[in-house]
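Below, in structure tokens: the form predicted on its own, a single chain.
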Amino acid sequence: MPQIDNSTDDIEARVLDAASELFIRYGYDKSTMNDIASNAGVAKSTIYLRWKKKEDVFRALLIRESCLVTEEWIDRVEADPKGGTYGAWIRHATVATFSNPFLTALYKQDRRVLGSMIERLGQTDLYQQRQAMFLHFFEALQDANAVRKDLDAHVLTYLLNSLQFGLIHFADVIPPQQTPDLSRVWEVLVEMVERLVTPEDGGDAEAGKVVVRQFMQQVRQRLDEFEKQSSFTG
């Protein structure tokens, strides 16, 4: 019979894996700390040593899965000869996100939960920082001739941020039966963006990859900051 690893790292992984399975199957609201403890095979008191409430578990899981998606995203960009173009970059982001069962469930089933968690993380600050980061990123791609130079970078990044915000919060006003498959919605959005921003000659993908690597390092750093905040407040 295999030994159970009760190290702190293993317990954390088991708890987050259990929470992910439950949130995907039953949803965030219907899953309890008792359910998570039982599914993880640990005492509820053990979970409370690390997280004070279910929201803290969810936040830690969201950060972990976002890190995993970011790494897959980077791998996909690096493997793609045209990965340095903006269209390819955003397409790989979409594929990586919807290849992750937890994040897919959030976008398709629990967008209200995702929206409320973004609010708790500091929605205004998050979107302002995102806007600034993406504006700098797009301008750098323009300088590298990876996207069209005649586009207004501020307008485009504002539009894309507002579209993501709307896709998350639209669940508050549009019922599920009137909501199309969100993975398909993202596919159409990516196609629109790709057609809009790609230079006529296809752009300089290799120079763009240099910009992408620098930007993704910033994304990693931001996720690390959130993870540290989660560890501190958990």
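Residues carry their position along the shown sequence, with the first being 1. Predicted model, so just to flag it, every value in this text is computed and none were measured.
If you look for the form predicted together with the DNA, you will not find it shown, but the lines that follow are about it.
Looking at residue 45, you'd find a heavy atom of it within 4.5 angstroms of the DNA in the predicted complex. In the predicted complex, residue 18 stays away from the DNA, with no heavy atom inside 4.5 Å. Residue 216 falls outside the set of residues with a heavy atom inside 4.5 Å of the DNA in the predicted complex. In the predicted complex, residue 50 approaches the DNA with a heavy atom inside 4.5 Å. Contact with the DNA, judged by heavy atoms within 4.5 Å in the predicted complex, is confined among 65-73, 165-173, 178-186, 52-60 to 52-60. With contact defined as any non-hydrogen atom lying within 4.5 angstroms of the DNA in the predicted complex, the contacting residues in 19-37 are 30, 31, 32, 33, 34, given in sequence order.
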